[in-house]
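Take a look at this single chain in structure tokens; it is the form predicted on its own.
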């Protein structure tokens, strides 16, 4: 599928939410403590997060000025920006079908828009497409 620069393609879905597998894609700069932090001077890369990741092992690296995005609160509870535990709870309640086996995190405020559009976004789309995700929950910092 060619990426549109004008509009998000309409993607109807006939599956009930209770049957869907949900992945998280975030630009909030969340990542596991043992993963490389994002380069706060500009970073178009992404981090793969396993579906069974321990949310106590997350941290946040982000290049936005602190007055725009204060990462102190997300570091206390990563679920405010990367709601992996909330998805697990929704699965247990039967509200969603499953939590995807992998999720993706990027750092917004990267300022490398052409690289992001030409390289990162297609890679992220490929990661999600080849996973079992039926839908994606998008979050930002």
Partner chain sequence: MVAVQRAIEMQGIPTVLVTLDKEQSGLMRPPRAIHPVGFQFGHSLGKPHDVETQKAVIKEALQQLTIKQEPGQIHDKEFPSY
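Positions refer to the first chain, counted from 1. On a predicted model such as this, the values are computed, not experimentally measured, just so you know.
Quick note: we don't show the form predicted together with the partner chain, though the next part is all about it.
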Is it the case that residue 68, even though its partner is missing from this view, gets within 4.5 Å of the partner chain in the model of the complex, heavy atoms only?
yes
Would residue 99 count as a contact of the partner chain in the model of the complex, using a 4.5 angstroms cut-off between non-hydrogen atoms?
no
Considering non-hydrogen atoms and a 4.5 Å limit, does the partner chain approach residue 74 in the model of the complex?
yes
Close approach of residue 93 to the partner chain in the model of the complex, 4.5 Å, heavy atom
yes
Taking the partner chain in the model of the complex, which residues along 82 to 118 bring a heavy atom to within 4.5 Å of it?
83, 86, 87, 89, 90, 93, 95, 96, 106, 117
